[in-house]
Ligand SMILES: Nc1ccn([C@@H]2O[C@H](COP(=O)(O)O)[C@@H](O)[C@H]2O)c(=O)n1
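First, one chain by itself in structure tokens, the form predicted on its own.
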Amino acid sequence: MENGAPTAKSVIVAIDGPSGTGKSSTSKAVAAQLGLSYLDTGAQYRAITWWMVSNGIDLEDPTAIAAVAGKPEIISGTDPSAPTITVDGVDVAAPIRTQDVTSKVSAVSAVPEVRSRITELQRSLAAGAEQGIVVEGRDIGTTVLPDADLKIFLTASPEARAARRSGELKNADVHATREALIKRDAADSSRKTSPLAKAGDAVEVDTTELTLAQVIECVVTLVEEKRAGK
């Protein structure tokens, strides 16, 4: 049977790494190519952050954040060709990408009650994906899905990441973007609950010198090898 045929065994793939490493583009393309579902876990943290901002929650107060972490209904569509995200029925795909939300997401996602709520959502989506799923984030292989069939950790130099990220954000200053990325890395890597970290059994792929097509090809090969060997 050809790859991606219904007889292919379902596979759960965890792709972790900091922003600007090509994580989202790679994950979506790999999922689409292999007929898998796709979940952008960062969008879920952005969604709950957007809800907190919209509802005037004091983001300097972890207790206030924790108290309302269970309130918003967050629904993620897992079609890699058209992923969706709604909060209480509102399409938030665009507003969650604003600089305002981006600057606050680390503070919100560091709160343990937020992480446990979102982790629960992620696990239930992965469990319900019949053909398998590519889940991208920062703590998927270590915390959310420690039993994933394949774990990949994408890295790249700060300069390469800043250039890519400022390319995504119109009129962004590369130097300022690089500083923001380094600050975000420090916050995400040092938080007590589920920090950004590479799982011991993850395959590390440095994307600094690779084109997106090369990264996708590399990851597709790793998934196919894993499926064949199961």
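Note that residue numbering begins at 1 and tracks the sequence as displayed. Please read all numbers here as calculations on a predicted model, not as lab measurements.
One more form of this protein, predicted together with the ligand, exists but is not displayed; see below.
Asks: Check the shown form for clashes with the ligand: superpose the C-alphas around the site so the partner sits as in the model of the complex, and report blocked if 3 or more ligand atoms are within 2.4 Å of backbone or C-beta atoms, open if none are.
Replies: In the model of the complex, the ligand occupies a site that, on this form, remains open once the ligand is superposed onto it.
Asks: Given that the partner is absent here, state which listed stretch (137-145, 86-94, 70-78, 123-131) has heavy atoms within 4.5 Å of the ligand in the model of the complex.
Replies: So the stretch in question is 137-145.
Asks: Looking at the partner-bound form in the model of the complex, is Ala43 within 4.5 Å of the ligand by any heavy atom?
Replies: Ala43 belongs to the contact set for the ligand.
Asks: Is Ser157 close to the ligand in the model of the complex, meaning a heavy atom pair under 4.5 Å apart or at it?
Replies: No.
Asks: State yes or no: in the model of the complex, is some non-hydrogen atom of Arg178 no more than 4.5 angstroms from a non-hydrogen atom of the ligand?
Replies: Result no; Arg178 lies far from the ligand in the model of the complex.
Asks: Taking any heavy atom pair closer than or equal to 4.5 Å as contact, tell me whether Arg184 reaches the ligand in the model of the complex.
Replies: Yes, Arg184 lies within 4.5 Å of the ligand in the model of the complex.
Asks: Along 95-128, which positions have a non-hydrogen atom within 4.5 Å of the ligand in the model of the complex?
Replies: Residues within 4.5 Å: Arg97, Val105, Ser106, Ser109, Arg115.
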